[in-house]
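Shown here is one chain on its own, the form predicted on its own, set out as structure tokens.
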Amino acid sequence: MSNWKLINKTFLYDGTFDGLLTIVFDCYCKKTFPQKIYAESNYTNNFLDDIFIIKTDYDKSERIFNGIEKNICAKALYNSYYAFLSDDNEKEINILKYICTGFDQGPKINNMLTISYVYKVINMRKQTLSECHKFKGLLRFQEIQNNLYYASIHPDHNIIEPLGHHFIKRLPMQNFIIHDKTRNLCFLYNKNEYKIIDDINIEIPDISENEQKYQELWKMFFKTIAIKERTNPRCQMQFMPKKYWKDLIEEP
């Protein structure tokens, strides 16, 4: 990207992956990139920034999406999406540079880890996938009413969509809600389709009587199998970090 021009602009977009790919399209066509990129919801007004708002264009987004898979590789698309789910403050600018360089370099971009933004994208993907993998085992559903199951989580990264798809495959005939309380996002599934709803205010009903009984049995089982002499809190927190305990039924 040595022949690209850095412009003194701060781009704002709607915070979606399509919105970011729209920015990639415009920047690649003009061979320019901004100093900063923020989702509008995360931006704090700063009189020093020269703001330029990018509106999401789904045609542009689709062209970039297909172009990444065709001209770079499917892995680059995979890396970009999971890096986008990261909570990193500079993810957008790094993904932009990664994709644009990928269009010039092809599949070998993923081996160019000495380039800082390539390394950062790969690392963001790893962190997001690692946390998603942990929650596949840590997430606890509770029956609330009408055969509906609810689970709350407080993840560092925005993993609710890949996590929801995992449980659709595991529980295809079960109605459930996964609630990301950190971002106030809900993944809703009704056996046929799913929706992700943001900024939602929901009051979760009390758990069912059956659920109460099963929770008591589970806590009893959890305490019974524990071997007091082999308790290792440090090892336990390594596999089940303490920051996730608030959403667990059992008491670690």
Partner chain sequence: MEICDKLKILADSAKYDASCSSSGSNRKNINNGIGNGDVSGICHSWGADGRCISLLKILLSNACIYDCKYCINRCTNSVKRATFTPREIADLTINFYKRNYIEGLFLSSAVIKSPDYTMEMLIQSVSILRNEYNFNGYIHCKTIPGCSKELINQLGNLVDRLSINIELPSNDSLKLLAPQKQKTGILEPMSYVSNHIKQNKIDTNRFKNDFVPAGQTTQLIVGATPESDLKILKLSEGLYNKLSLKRVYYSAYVSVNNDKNLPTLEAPPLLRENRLYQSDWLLRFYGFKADELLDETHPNFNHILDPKCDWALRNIDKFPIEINTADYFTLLRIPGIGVISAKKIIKARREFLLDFEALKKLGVVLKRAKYFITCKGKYFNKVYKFNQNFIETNLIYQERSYLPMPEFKQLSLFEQLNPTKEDKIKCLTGSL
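Numbering follows the first chain given and starts at 1. Since we're looking at a predicted model, the values are computed, not measured.
The same protein has a further form, the form predicted together with its partner chain, not shown here; the description that follows concerns it.
Student: Residues in which of 136-144, 80-88, 153-161, 94-102 have heavy atoms within 4.5 Å of its partner chain in the predicted complex?
Tutor: Heavy-atom contact with the partner occurs in 136-144.
Student: State the residue from I204, I200, L217, I53 whose non-hydrogen atoms include one within 4.5 Å of its partner chain in the predicted complex.
Tutor: Residue within 4.5 Å of the partner: L217.
Student: Is there a non-hydrogen atom of N66 within 4.5 angstroms of a non-hydrogen atom of its partner chain in the predicted complex?
Tutor: Output for N66 is no: heavy atoms all beyond 4.5 Å of its partner chain.
Student: So, in the predicted complex, is N111 in contact with its partner chain at a 4.5 angstroms heavy atom limit?
Tutor: Judged by the heavy-atom cut-off of 4.5 Å, N111 is in contact with its partner chain in the predicted complex.
Student: Closest heavy atom of P172 to its partner chain in the predicted complex, within 4.5 Å or not?
Tutor: The answer is yes: P172 has a heavy atom within 4.5 Å of its partner chain.
Student: Report whether the minimum heavy atom distance between T32 and its partner chain in the predicted complex is within 4.5 Å.
Tutor: Because no heavy atom of T32 falls inside 4.5 Å of its partner chain in the predicted complex, the answer is no.
Student: In the predicted complex, do Y38, Y194 and I196 all put a heavy atom within 4.5 Å of its partner chain?
Tutor: The answer is no; none of Y38, Y194 and I196 reaches its partner chain.
Student: May I ask you to list the residues of 209-240 that have any heavy atom within 4.5 angstroms of its partner chain in the predicted complex, in sequence order?
Tutor: If the 4.5 Å heavy-atom criterion is applied to its partner chain in the predicted complex, 209-240 yields N210, E211, Y214, Q215, L217, W218, M220, F221, F222, T224, I225, A226, I227, E229, R230, T231, N232, P233, R234, C235, Q236, Q238, F239, M240.
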